[in-house]
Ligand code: G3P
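In the block that follows, a single chain appears as structure tokens, in the form predicted alone.
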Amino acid sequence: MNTKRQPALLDTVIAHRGASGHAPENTLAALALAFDHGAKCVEIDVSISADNVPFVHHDDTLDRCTDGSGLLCDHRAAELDKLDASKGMQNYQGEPLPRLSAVFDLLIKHELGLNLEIKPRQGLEAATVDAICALIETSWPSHLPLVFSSFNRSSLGFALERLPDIPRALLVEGLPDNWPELIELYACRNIHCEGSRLSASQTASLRAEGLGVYCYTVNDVVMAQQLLESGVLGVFTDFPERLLTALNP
């Protein structure tokens, strides 16, 4: 393996879908609140509409987080723009389902780094990556951190082909036995994995290969401290203010 590999640095505390413990996940409100709470980096999920406009949303379907229903990719952007994404959080009624372009505007304004998880509907991997990359090429400033991650291996491959200079993270739950081959195949600089399933010895092995290791979704302060002490570079959390206060007293 390549011992000269360098991690793609994000931040020690990364706001998972924004400050999603307090505001509707993946919305402009949650991302603005993360900034207000002191976060310097956020994580979002991105897929595309029927007319290939990238939207920030986690699920294939709209039902859990919005007043819409059915597959996001079956709706055109103009329809998605009318949705309320505040489901379950009355203080945020009327919060829109955001386009990626609007999220970029907010992040750039506040100088926030970004972990962009590519979340394509099956069969739309190439189209999703192309729509995301086209916006990055015209809108994302080179001085702000940006890392692609995805559970979808095809998406990592398309991202490597489309914008090879944007670093990629292999996104996994537990660490697979074939992680060295996957890292090489998709030229990844990071591994992002579930915090509760990563051992200190695994972290040491990954770091020895020059990889950046980041863990999700860590809302417990003690777990965060243990992971960071073991060599993990950062954690994704729904409560960035909680971890920032504990880790930077």
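What you see is a predicted model, and the numbers here were worked out from it, not measured in a lab. Numbering starts at 1 and follows the sequence shown.
Keep in mind that the form predicted in complex with the named molecule is missing from the display, and what follows is about it.
*Asks:* My question is simply whether N115 lines the interface with the named molecule in the model of the complex - judged by any non-hydrogen atom within 4.5 Å.
*Replies:* Judged by the heavy-atom cut-off of 4.5 Å, N115 is in contact with the named molecule in the model of the complex.
*Asks:* Applying a 4.5 Å heavy atom distance criterion, does L146 contact the named molecule in the model of the complex?
*Replies:* Close contact is absent here: in the model of the complex, L146 is far from the named molecule, nothing within 4.5 Å, heavy atoms only.
*Asks:* Considering non-hydrogen atoms and a 4.5 Å limit, does the named molecule approach F35 in the model of the complex?
*Replies:* Residue-level check for F35: no, no contact with the named molecule.
*Asks:* Although the partner isn't part of this model, could you tell me whether L163 comes within 4.5 Å of the named molecule in the model of the complex, counting any heavy atom of the residue?
*Replies:* No, L163 stays farther than 4.5 Å from the named molecule in the model of the complex.
*Asks:* If the cut-off is 4.5 angstroms on heavy atoms, which of these, R168, K119, K87, H75, is the one near the named molecule in the model of the complex?
*Replies:* It is K119.
*Asks:* Would you mind picking out the stretch of 176 to 184, 198 to 206, 219 to 227, 38 to 46 that comes within 4.5 angstroms of the named molecule in the model of the complex, counting non-hydrogen atoms?
*Replies:* It is 38 to 46 that comes within 4.5 Å of the partner.
*Asks:* Using a 4.5 Å cut-off on heavy atoms, what residues in 47 to 66 are near the named molecule in the model of the complex?
*Replies:* Read in sequence order, the lone residue that approaches the named molecule (within 4.5 Å, in the model of the complex) is H58.
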